[in-house]
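Here you get one chain, nothing else, as structure tokens; it is the form predicted on its own.
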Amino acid sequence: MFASRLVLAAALSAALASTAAAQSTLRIGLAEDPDILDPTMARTYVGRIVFASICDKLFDIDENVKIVPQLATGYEIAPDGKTVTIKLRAGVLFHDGEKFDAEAAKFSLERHLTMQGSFRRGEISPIDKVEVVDPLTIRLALKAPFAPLIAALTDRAGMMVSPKAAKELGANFGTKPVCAGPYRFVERVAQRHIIVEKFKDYWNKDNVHIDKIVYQPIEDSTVRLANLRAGSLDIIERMLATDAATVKKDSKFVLAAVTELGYQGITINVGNGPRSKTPYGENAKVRRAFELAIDRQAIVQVVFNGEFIPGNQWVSPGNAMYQQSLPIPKRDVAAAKKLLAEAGVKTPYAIELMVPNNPETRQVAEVIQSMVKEAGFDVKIRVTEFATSLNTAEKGDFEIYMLAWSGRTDPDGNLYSFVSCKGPLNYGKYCDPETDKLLDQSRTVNDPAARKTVFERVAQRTVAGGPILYLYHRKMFFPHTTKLQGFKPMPDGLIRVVGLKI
């Protein structure tokens, strides 16, 4: 009897172990809580990390920023550049069991273009009409040739949503998103977790090996890393650069890293309500003085141990579209003081800098605060929860705002939405008709050399004393446990979950 009990206990233990192994869970630590989980309405980088598991796109990118198929299998652009035909993948289902086909693709693209408050409209606005050619083919009629179109479809503008769910949920779609990705949405508790589970009917299900993913927002980078070390997380994003050397030496972890496509900068309120009516908001000389009072290289060395890349444009100095004719200016406090005097600004000049509640960003703000003080600026730092800061900026309740942009495959994605007159992410409401003409022109030119020339003219109008003070380009660190296999850091900073194993 005793022996049989031992056998039974051993069998039960083995069964439980087998069940535990079968129900694998990946735990991902995020630096913030995402905003709305609706690809049409969303704005945050961390939201894009979550979308990577639940919402497939028409196209994706690989580690070399090459565009590859996802829900689309290929495309063809007409010689005049105004017609784009896209072939769709067969046998794809949304999480609610509805078929993904040309009608669904047409619905999603039109939703991005027409939904009230859409942040995708500006990314694909040259699309004039979406036509269904056959069940697996759509044709996009463009108002004009649009060079960044396919690149835009590798991100949220290319995410497909279930028409049935979108119609039923309306403005509440983001509370229970239904897409066609490898995982289906299960639950969200704000500031605590987002849970997704493997979708059994995913079109590429043989390459999905983990049953459940738990996304856990932990704003404090030190606490986020401590949770990884304690074993309660498997991978985290945006580890502090100052922790890189220590993590590299720890055999229990792998440190993956990639330089981002985007930038960290300071957005300036130049036209968004009463708080733009300041010397800083109205006078380019004051903005230029502020820039000359900072030292980008010193910021990178002091805060990030030299791991990041100083920059003064919307793309990094290593990008093919970086304008070498407008190099990073050296710090010149005397010149900064002179510009302030010419602008008639009495010093010390007080200005409020809104900063998302992130330790590295706060430290950058403090370093800048110290630097510009020598030129006569009295910076008051206002620390704000990240999602709240976005809403505050949209309302114009800021003077200057330190904000990172994770970047897009095409440089247009780092620029148009931020500096065009009606750009949805143009929080400072900068508006210059000539800049808009140049931005529109850059979207119609396919030749890289000719396009770079157009971008140079944009840079001449917007970089020095412009609406965004670009500071540096981050290296995205992804430390993870050695138990996690198959992870590749991608230039867009998103965590691709297909192919991962625990």
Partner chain sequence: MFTFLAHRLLQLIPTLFFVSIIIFGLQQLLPGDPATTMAGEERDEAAIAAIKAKYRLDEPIPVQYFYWMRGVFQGDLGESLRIKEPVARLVLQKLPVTAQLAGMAIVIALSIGISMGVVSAVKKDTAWDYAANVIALWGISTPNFWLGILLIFLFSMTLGWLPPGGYVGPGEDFWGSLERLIMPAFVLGNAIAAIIMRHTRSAMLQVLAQDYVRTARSKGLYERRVIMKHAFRNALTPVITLGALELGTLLSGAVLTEQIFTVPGFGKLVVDAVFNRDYFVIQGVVLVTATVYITLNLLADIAYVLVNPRLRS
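Numbering follows the first chain given and starts at 1. Computed from a predicted structure; not experimentally measured.
One more form of this protein, predicted together with its partner chain, exists but is not displayed; see below.
Undergrad: Within a 4.5 Å heavy atom cut-off, is Ala171 in contact with its partner chain in the predicted complex?
TA: Contact check for Ala171: yes, within 4.5 Å of its partner chain in the predicted complex.
Undergrad: Against its partner chain in the predicted complex, would Ile61 count as a contact residue? Criterion: heavy atoms within 4.5 Å.
TA: Answer no; every heavy atom of Ile61 is more than 4.5 Å from its partner chain in the predicted complex.
Undergrad: If you check in the predicted complex, is Met41 within 4.5 Å of its partner chain, heavy atoms only?
TA: Contact check for Met41: yes, within 4.5 Å of its partner chain in the predicted complex.
Undergrad: Pro467 near its partner chain in the predicted complex, any heavy atom under 4.5 Å?
TA: Contact with its partner chain, no.
Undergrad: Among 270 to 278, 97 to 105, 328 to 336, 221 to 229, which stretch has residues with heavy atoms no more than 4.5 Å from its partner chain in the predicted complex?
TA: Careful reading of the contacts points to 221 to 229.
Undergrad: Quick one: from Arg296, Arg156, Arg288, Lys198, grab the residue that has a heavy atom within 4.5 Å of its partner chain in the predicted complex.
TA: Comparing distances to its partner chain in the predicted complex, the residue within 4.5 Å is Arg156.
Undergrad: Among the candidate residues Arg139, Arg184, Arg111, Arg188, which is the single one with a non-hydrogen atom no more than 4.5 Å from its partner chain in the predicted complex?
TA: By the 4.5 Å heavy-atom cutoff, the listed residue in contact is Arg188.
Undergrad: Considering only 64 to 83, what residues come within 4.5 Å of its partner chain in the predicted complex, judged by heavy atoms?
TA: Heavy-atom contacts to its partner chain in the predicted complex: nothing from 64 to 83.
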